[in-house]
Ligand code: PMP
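Taking the form predicted on its own, here's one chain by itself in structure tokens.
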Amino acid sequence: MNDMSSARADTMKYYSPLARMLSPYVAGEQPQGGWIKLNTNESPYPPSPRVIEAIRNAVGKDAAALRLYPDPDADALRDALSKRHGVNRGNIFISNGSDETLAFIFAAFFAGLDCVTPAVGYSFYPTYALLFGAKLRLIPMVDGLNADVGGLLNADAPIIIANPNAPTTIALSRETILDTREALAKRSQLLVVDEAYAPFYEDCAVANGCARYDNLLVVRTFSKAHALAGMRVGYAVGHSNLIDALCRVRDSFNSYPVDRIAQAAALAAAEDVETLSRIVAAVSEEKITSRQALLSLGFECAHSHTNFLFARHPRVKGRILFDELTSRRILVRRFDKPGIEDYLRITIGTPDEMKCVIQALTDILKETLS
């Protein structure tokens, strides 16, 4: 054993076998100050103005309310979301961010079992599969970066899929999702649809009324369109039997996962449909403008159904573009994985931020290709 291996073994000497074999998800960087930060798909705009008042009320004048545990089931928030999605309170599950919901889904439905997902998708899925002993199979993409629905179904296993997909930005139609659910139902298999970005393309969404199906579970978040990434609130919509399973797992970890301030903030955001619509509209408008600018620079960039763009330049490596942008204090996301290593995932920022990105890329291409 060499010195490096020995040092690593010594560092991990108290780790369990599970902890030793994990491959943790790597979150996007969170630099402080002076950056154009477009790497984690956060909103470029603040949340509903009602959120601040709701937080003040939740804390109270003397903050005495903070000595008490929050509502473990977040019933007020569940009621608001049940109205939005046309379901009952018992069809809503609230969590500390949608990532926590996804973790509980792997524990509740996939632990020790087979499941499948597109090969290019949310990179937290393989991490959760390792953590909970799920046998996750990655189904290759077709026609570039499109999910192979036929291949997913032919795998004969429950399916988890992000729609619209991250990082590809491409959405399957609502009809395709529901047809897939129906095919799985005939085999008593579950379909999990991660709709983190659906507010930017509701035409593909199946959350509304999905509780009528006993094999469809939909995941949503307040981090993107609602501009509450800092509060960590996510939720699932589904049949009551599926929600009960998530509650069983949650209550085996933590009976009070969502704090009272986060619940109040999310409730205010959920009830302010006008602010949600304004944020989605502003991001969508800038997305169109920025995509056209990238295309004019020679980038390949699919029509996006999310709040970010996924683009590559056929003549310049993604690593070069990423490094050059970083040197200019512009932070985007790049995944060093086969097939997508030359793509940049660029969160849509404000118009001024996006102008800076386009100008920087213009300069980088001029310097690199001259």
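Here the structure is a predicted model, which is why all the values come from computation and not from measurement. For every residue, the number given is its place in the sequence shown, counted from 1.
FYI, the form predicted together with the named molecule isn't displayed, but the following is about it.
Proximity to the named molecule in the predicted bound form, taken as heavy atoms within 4.5 Å, picks out 195-203 from the listed stretches 266-274, 291-299, 77-85, 195-203. Taken together, Thr117, Ala147 and Thr169 are entirely out of contact with the named molecule in the predicted bound form: none brings a heavy atom within 4.5 Å.
Proximity to the named molecule in the predicted bound form, taken as a non-hydrogen atom within 4.5 angstroms, holds for one residue of Leu152, Ala225, Ala162, Ile177, which is Ala162. Site annotation in the predicted bound form: the residue of Pro257, Gly90, Gly97, Pro126 reaching within 4.5 Å of the named molecule with a heavy atom is Gly97.
Although the partner is absent here, His239 is not a contact residue: none of its heavy atoms lies within 4.5 angstroms of the named molecule in the predicted bound form. Leu102 belongs to the set of residues with a heavy atom inside 4.5 Å of the named molecule in the predicted bound form.
Shown alone here, Arg181 lies farther than 4.5 Å from the named molecule in the predicted bound form, counting heavy atoms only. By the criterion of a heavy atom within 4.5 Å, Tyr122 is counted among the residues contacting the named molecule in the predicted bound form. Of the residues in 305-335, none comes within 4.5 Å of the named molecule in the predicted bound form through any heavy atom.
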